[in-house]
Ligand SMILES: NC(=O)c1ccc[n+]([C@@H]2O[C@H](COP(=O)([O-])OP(=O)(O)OC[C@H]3O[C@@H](n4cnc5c(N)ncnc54)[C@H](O)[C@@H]3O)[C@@H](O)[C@H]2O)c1
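First comes one chain, alone, set out as structure tokens in the form predicted alone.
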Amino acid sequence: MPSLKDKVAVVTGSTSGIGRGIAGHFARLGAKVVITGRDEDRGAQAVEAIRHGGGEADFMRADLLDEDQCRRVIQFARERFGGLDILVNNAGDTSRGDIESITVELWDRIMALNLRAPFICLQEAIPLFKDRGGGSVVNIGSVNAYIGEPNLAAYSASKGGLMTLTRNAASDLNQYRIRVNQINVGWTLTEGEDRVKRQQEGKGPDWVEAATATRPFGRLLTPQDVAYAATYFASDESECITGSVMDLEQYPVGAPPKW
């Protein structure tokens, strides 16, 4: 197993779902983790779970639609744990809307959280990484970045922009030993995905079974799957890898890649 012993990590959007899975796994590997999100109760639960397992973590409530709060999250890592080694830009808005019907207001909000916030957090983190002699940024993207589902117009565009930002930042920051990589996640089973399927899309309680039947490995991805991939990019095992994009996707049985 790779080690993240004594590394300091910020994982945005980590009070639930993929972010919480990444934060918990990092802590089990020895990292000191800053949990962020807007839900204080869930944040406290995430921190308690890590501490109960013998790890170190603290929570900062933050709304990353606000520039000052993006920057404050990064400085919180320095104040609480003495610096920063790893930044995982995971927080995201998956609100639905096709190109004809989505409002400009919703488009702007999705771009602000999914693309602008990672940029601001990265910008604020650069001096802290330089103080450490390097660092690792892991951006959590989506396979929708390549084309995207029709009802995910803004989300898909934001993740495509994030992929370009990843590669641009990687080429610029490698002179400081700061690595920037991206994980494009496929269909992942989280409480948030279940809520969307049931409440927004009106799927019945058997939607998971139906979705699983289309997956060649017999299940959807889990937050732990994403955590394993994030650990590779965060750890010294990938110390010479930057500007890379890892796709975590299971194509439907019998179907070719959609791009």
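Counting begins at 1, following the sequence as shown. The structure displayed is predicted, hence computed values, not measured ones.
Just so you know, the form predicted in complex with this ligand exists too; it's not on screen, but the next bit is about it.
No member of the trio Q123, T166 and N174 reaches this ligand in the predicted bound form with any non-hydrogen atom inside 4.5 Å.
Checking W187, Y146, F76, F119 for any heavy atom within 4.5 Å of this ligand in the predicted bound form turns up a single hit: W187. Only one of the listed residues (D63, E48, E40, D68) places a non-hydrogen atom within 4.5 angstroms of this ligand in the predicted bound form, and that residue is D63.
Remark: of stretches 154-162, 97-105, 79-87, 128-136, the one touching this ligand in the predicted bound form is 154-162 (heavy atom within 4.5 Å). Taking non-hydrogen atoms only, D225 never approaches this ligand to within 4.5 angstroms in the predicted bound form.
Although the partner is absent here, R219 is not a contact residue: none of its heavy atoms lies within 4.5 angstroms of this ligand in the predicted bound form. In the predicted bound form, this ligand sits within 4.5 Å of a heavy atom belonging to G17.
Shown alone here, E193 lies within 4.5 Å of this ligand in the predicted bound form, counting heavy atoms only. Within 4.5 angstroms of this ligand in the predicted bound form, the stretch 91-113 places a non-hydrogen atom from each of A91, G92, T94, L113, taken in sequence order.
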